[in-house]
Ligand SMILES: Cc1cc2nc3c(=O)[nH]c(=O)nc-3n(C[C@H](O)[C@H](O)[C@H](O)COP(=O)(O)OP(=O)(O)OC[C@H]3O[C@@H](n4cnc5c(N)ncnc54)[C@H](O)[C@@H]3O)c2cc1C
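What follows is a single chain, given as structure tokens, in the form predicted alone.
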Amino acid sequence: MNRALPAGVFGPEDYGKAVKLDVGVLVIGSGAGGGVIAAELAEAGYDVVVVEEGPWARTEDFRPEARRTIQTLYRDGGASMSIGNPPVIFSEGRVVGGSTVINGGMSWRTPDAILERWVRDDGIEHGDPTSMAPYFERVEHFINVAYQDPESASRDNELLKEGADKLNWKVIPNLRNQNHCAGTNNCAWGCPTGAKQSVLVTYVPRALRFGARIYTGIRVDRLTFDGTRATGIEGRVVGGGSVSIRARAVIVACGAIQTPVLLKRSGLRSASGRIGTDLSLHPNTKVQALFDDDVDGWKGVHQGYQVREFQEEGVLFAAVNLPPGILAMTAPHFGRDLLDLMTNYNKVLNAGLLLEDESTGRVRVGPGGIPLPFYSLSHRDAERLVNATLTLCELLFTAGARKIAAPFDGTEELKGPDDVKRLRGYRVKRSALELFTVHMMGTARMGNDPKRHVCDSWGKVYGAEGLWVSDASLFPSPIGVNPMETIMALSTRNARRLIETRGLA
């Protein structure tokens, strides 16, 4: 046995030529959905096994080396892409703890208006704000949701707030799952202090304490069925070896890209015809603003504030520092312009926005069973993104920016507010937008109608026995804020339902 792993955690070096198990509850995925529901069920006395394609990582292994981290903690080097106009780059965690290990830690409850809409339009049972409050509270307790210590403030976030304050725009301090964050701004590459309370350092240890086991390096090819009842999985060990696990209940928590493809690869059909449809992405754009004085965005907390002035329009602003290598790779600069940008790295403020999209896409099964996401931005959403990006530029000039990199392909850099006004009258093509996201939602929607939804209000897959979903694919719509806490609260709620109703017996 590999003694470098904690008790109850196993890796490919432990397996030999095959993994063959007979378990009670099998959870596929160990992130905000899988890790949480595994811990809740294990604490209730269930025999729980979690399988995870990625490795086990340790806090002491995390370093501010983006290149190495991207290779080890991210799926496909963090540069997966949807097919459409324009393409959207997206990132998924592939590690024990899932994307909670590499996200910024923003911890926000689902807005009341969204929960009320889900109840009204999708018939979600006991999904109203009052009913959901205890589950949010329980999650916030375990992951220590709190505001930052003042000492961890960063200059880039202070500038963002100063600009918003001058414009009299609503700006709020971010709530994050952290315990006295030191402000190393290393969130996206794994927290090197353990202050970020990801699933890796909260729910996973809790699950292990109550007897759950975690098998890493397991790639699930398909679910197995006896008639309509899910009976387990078949798959492969990363690096070689077969996997066959039988289970009395299976919970799929692979995320909104991988979950629908696994269901489809396994031959599952839905009366709604909507497995893989209704993909929402919260598309993001970003800009680089150059200031006269040092910004030192790498010092201090990741996203200390959010500008919420336009939340009702589905738009949030934040400052997000990028390491030099990532900035050089993604900035819209070439040649001497890129050299100038990188020479002035300490004076650069990176800021971005999130859009609650009305556009939707779908995920299909590609060659070899891989996911193929398709998503094209609607003309209305493209117009909203362009206007929001220019509004963000207005904020940054108000904060003192000297110039801002061209926010759209084919446009010149902006040197002041007059350039922002000029661009507002310029028709920007969708193909000129560079979009990315880490918020994939919606591809196995929950609701009360088997003809419109893939899962019921509690995540049980319609038309299949012993099979549940526990991730962001359950969302009936995008939510307009960071989705981590919503996933965790729904997983807690759905676990409680299974425990109280003996749904896994």
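These figures come from a predicted structure and were not determined experimentally. Residues carry their position along the shown sequence, with the first being 1.
Separately, the form predicted in complex with this ligand exists; it is not shown, and the next lines address it.
**Student:** In the model of the complex, do 74, 483 and 487 all put a heavy atom within 4.5 Å of this ligand?
**Tutor:** Yes, the whole trio is in contact, each within 4.5 Å by some heavy atom.
**Student:** Sort through 237, 279, 254, 396 and report the residue having a heavy atom within 4.5 Å of this ligand in the model of the complex.
**Tutor:** Here the answer is residue option 254.
**Student:** Of the residues 348, 106, 433, 327, which one places a heavy atom within 4.5 Å of this ligand in the model of the complex?
**Tutor:** Result of the distance check: 106.
**Student:** Does residue 333 reach this ligand in the model of the complex if we count a contact as any heavy atom within 4.5 Å?
**Tutor:** Residue 333 lies outside the contact set for this ligand.
**Student:** With a cut-off of 4.5 Å between heavy atoms, is residue 265 one of the residues that contacts this ligand in the model of the complex?
**Tutor:** Heavy-atom contact with this ligand at 4.5 Å: present for residue 265.
**Student:** Indicate whether residue 37 is a 4.5 Å heavy atom neighbour of this ligand in the model of the complex.
**Tutor:** No - in the model of the complex, heavy atoms of residue 37 and this ligand never come within 4.5 Å of each other.
**Student:** Can you tell me if residue 461 lies within 4.5 angstroms of this ligand in the model of the complex, counting non-hydrogen atoms only?
**Tutor:** Contact with this ligand, no.
**Student:** Out of 64-72, 449-457, 434-442, 37-45, where are the residues with a heavy atom within 4.5 Å of this ligand in the model of the complex?
**Tutor:** In the other structure, the partner sits against 434-442.
**Student:** Check each residue of 208-224 against this ligand in the model of the complex and list those with a heavy atom within 4.5 Å, in sequence order.
**Tutor:** Sequence-ordered list: 218, 219, 220.
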